[in-house]
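Take a look at this single chain in structure tokens; it is the form predicted alone.
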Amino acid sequence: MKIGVFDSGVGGLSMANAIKKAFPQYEVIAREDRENLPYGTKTPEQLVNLVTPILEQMVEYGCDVIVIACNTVTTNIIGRLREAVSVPLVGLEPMVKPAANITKSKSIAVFATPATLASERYKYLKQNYCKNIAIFEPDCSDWASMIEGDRLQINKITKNVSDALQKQADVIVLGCTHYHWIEELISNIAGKKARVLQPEQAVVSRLRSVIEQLD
């Protein structure tokens, strides 16, 4: 079996590594689209035009299932992508529901791209799971490019985390796979004041269910 992993850039490699660890018996094929970064400022129509041909190529290469390791793509266009390609797609989205379930302060922070925050799917998650919870959404619009280019601006990251803590957020949701590469840094800045959530293990669990159905 071949498992495809797609993301706009280096963020998908973190997800691919988690999948390889969970399924060493399968071939994992990672694809990215660094030429068109960043995805987080693009419209849904632009995303469809960029992503569909890549997924079609992955299917032609023999991928039996593809993980969309991009919150921006999943929250904006995964329905349209599922209509366009012939294999199961496993998406990921900001872990708003788990964050809402574990917060004690009734305040969470979601670090995500502008496109993810503006998506109908994200609005749905907030409306259904965070009715009595305050949500802090800092400006992370340049984070993916910053991480992609290995130009970390520690002061920007520290400010966003510190501002979240000042808002009493005790859960920080990483809503972009690029941010997984600085998860340890964010956790260190937050200390014991906030728990950091990212969806790699949740995606692995969902992928396992899909693979069992395919087998």
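Every value quoted in this text rests on a predicted model; they were computed, and no experiment measured them. Residues carry their position along the shown sequence, with the first being 1.
The next section is about a form of this same protein that is not shown, the form predicted together with D-glutamic acid (DGL).
A single residue from the set 109, 144, 96, 77 has any heavy atom within 4.5 angstroms of D-glutamic acid (DGL) in the predicted complex; that residue is 144. Only one of 176, 51, 63, 169 lies close to D-glutamic acid (DGL) in the predicted complex, with a heavy atom inside 4.5 Å, and it is 176. Looking at residue 186, you'd find every heavy atom of it more than 4.5 angstroms from D-glutamic acid (DGL) in the predicted complex. In the predicted complex, none of the heavy atoms of residue 30 sits within 4.5 Å of a heavy atom of D-glutamic acid (DGL). In the predicted complex, D-glutamic acid (DGL) sits within 4.5 Å of a heavy atom of residue 37. Look at 122 to 130, 82 to 90, 69 to 77, 100 to 108: in the predicted complex, residues with non-hydrogen atoms within 4.5 angstroms of D-glutamic acid (DGL) sit in 69 to 77. Shown without its partner, the chain has 7, 8 in segment 1 to 36 as residues with a non-hydrogen atom within 4.5 angstroms of D-glutamic acid (DGL) in the predicted complex.
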